[in-house]
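Single chain ahead, by itself, as structure tokens, in the form predicted alone.
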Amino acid sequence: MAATLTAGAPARPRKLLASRRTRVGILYALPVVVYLLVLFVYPIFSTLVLSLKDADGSFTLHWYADALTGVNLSVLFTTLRISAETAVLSLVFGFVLAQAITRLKPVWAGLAMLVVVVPHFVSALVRTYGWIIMLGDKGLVNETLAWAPGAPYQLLYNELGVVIGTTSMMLPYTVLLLYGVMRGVDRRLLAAASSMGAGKVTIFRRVYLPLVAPGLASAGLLSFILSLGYYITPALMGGPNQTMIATLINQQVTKENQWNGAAAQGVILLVLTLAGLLLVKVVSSLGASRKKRNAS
């Protein structure tokens, strides 16, 4: 009996301590939960409800049908196309840049990454106007290419201008992601493949590329997701045929006072973004499992 009491004695203080820690943890988490509920969950829920209301307050799917037909559907396809083009170009240039930086000495690699990242802290509006100045008829690019036939080239207010601008905005994200992945590649695997007689192309295709493939997929999907809702650059550097979904939402709210239609467009954009994030999660999980198999 005494042994039972002695063994059970410490259990009660531990329970009290655990319950106290739980209460303290809940107390600390409460402001964050309230913050997320007020500034994240409530606006999303309100937008969803608004997109399902008619002018008289009754339930309707009219706004979704309107968002997926006619001009609105064309805008959605334009958004997807420009986002895909931006993601592909960001991957190409980001891969080349990240690969070059990984070959530098640590000091120079740090400076190179600084050059890549620092412009990202400049306002997107300022950078967009910088591109407008550079790509204009009297800008640096056209002045440099003045000798070429057909100059000056129309580099603004078309899809080319939008893709150039959005690619420059997404490039830092791509380089940062790919640089981290490439730095994690075990160079001994490449050396082993080389010692067994594999050529540079074979090493790149059969060894290096599979190792960095999850990072490529994540970087491309991230650029695509960020481009879906990008507003400033497409609005300033694009023309009427390059209207993207964020620009359309702004027009519906500020010019047409059509909040229900804008809400439906916003929900569609949110669904696309969540689908992209889920895909990133799946790709990252596949990459992690592949690393574990290679390690074992």
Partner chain sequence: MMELRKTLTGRIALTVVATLILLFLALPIVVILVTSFSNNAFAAFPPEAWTLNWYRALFADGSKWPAALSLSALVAALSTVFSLIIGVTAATALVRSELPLRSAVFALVLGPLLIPQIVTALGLFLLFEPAAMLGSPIAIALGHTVLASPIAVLILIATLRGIDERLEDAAASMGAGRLTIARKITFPLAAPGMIAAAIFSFITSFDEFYISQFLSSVDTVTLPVQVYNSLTFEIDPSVTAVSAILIAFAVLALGLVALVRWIGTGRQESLLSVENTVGVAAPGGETV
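Residue numbers count along the first chain shown, from 1. For clarity, every value in this text was computed on a predicted model and none was experimentally measured.
Keep in mind that the form predicted in complex with the partner chain is not shown, yet the notes after this line are about it.
Stretch-level contact analysis of 113 to 121, 70 to 78, 205 to 213, 187 to 195 against the partner chain in the model of the complex, using heavy atoms and a 4.5 Å limit, identifies 113 to 121. Although the partner is absent here, residue 239 sits far enough away that none of its heavy atoms falls within 4.5 Å of the partner chain in the model of the complex. A residue is said to contact a partner when one of its heavy atoms sits within 4.5 Å of a partner heavy atom; residue 31 meets this definition for the partner chain in the model of the complex. Interface residue remark: residue 168 is counted as part of the site for the partner chain in the model of the complex, having a heavy atom within 4.5 Å.
The closest non-hydrogen atom of residue 139 lies within 4.5 Å of the partner chain in the model of the complex. Along 251 to 275, a non-hydrogen atom within 4.5 Å of the partner chain in the model of the complex is carried by 253, 259, 262, 263, 266, 269, 270, 273, in order along the sequence.
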